[in-house]
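This document opens with one chain alone, in structure tokens, the form predicted alone.
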């Protein structure tokens, strides 16, 4: 990994619907190196409280700008939401291993399907941009309509967008993995790419295995260092324990032991 620690200037920091924020910062180095599925580790303040950095997926790049989406769920992200354009953030990145998409993107007759749960949409927009020539399908799951994110961004990239909500307030009523089963009964699929909560990823892995489809999963985990030193985000694989931050966060589903 070619990791950089930089002082990055905040370009914009806006609140999205619900409890979410969208931030852009300036870093030509990270923007040039970043791949879909990688993340940055952000120190939100210069003081020792909060002590740990916040790992956040890279949502996209535009020129020298790097985009992230974050959920305001604790002290660190609350502080991040209050940071202003023109201020600077101490950032490590790009971190981790992203999606292996280069040799998979040139599929003509079968669809690449992206499955997002909640905040899992963040890295999948970046991936969809790389896969846009193959016109991927994106399945987005959320508890309710108000928690759906990035629909217009996916549509602008030419993706076929399908939505599942637990309460039926938008699209398919039920889990996004139930919607995936419906889609698989109607569509020839090349590969699955997914990011979201653990139970959803486990279900995607099971669906992929049953249908003999290659699936790449971006795992969510609590991280301290972000570089594999603290061993705080270990996950069991068929080849022993691996760090989500260093060896992942993206794994092929057949590697994982649930």
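Residue numbers count along the first chain shown, from 1. These numbers come from a predicted model, not from an experiment.
Another form, the form predicted in complex with a small molecule, is not on view; read the next lines as being about it.
Judged by heavy atoms within 4.5 Å of the small molecule in the predicted bound form, the contact stretch among the candidates 22-30, 200-208, 219-227, 185-193 is 219-227.
Note on the partner interface in the predicted bound form: the residue among 157, 151, 119, 92 having a heavy atom within 4.5 angstroms of the small molecule is 119. Shown alone here, residue 143 lies farther than 4.5 Å from the small molecule in the predicted bound form, counting heavy atoms only.
The small molecule is not shown here, but in the predicted bound form it comes within 4.5 Å of a heavy atom of residue 74. Shown alone here, residue 60 lies farther than 4.5 Å from the small molecule in the predicted bound form, counting heavy atoms only. At the 4.5 Å threshold, heavy atoms of residue 213 stay clear of the small molecule in the predicted bound form, well away from it.
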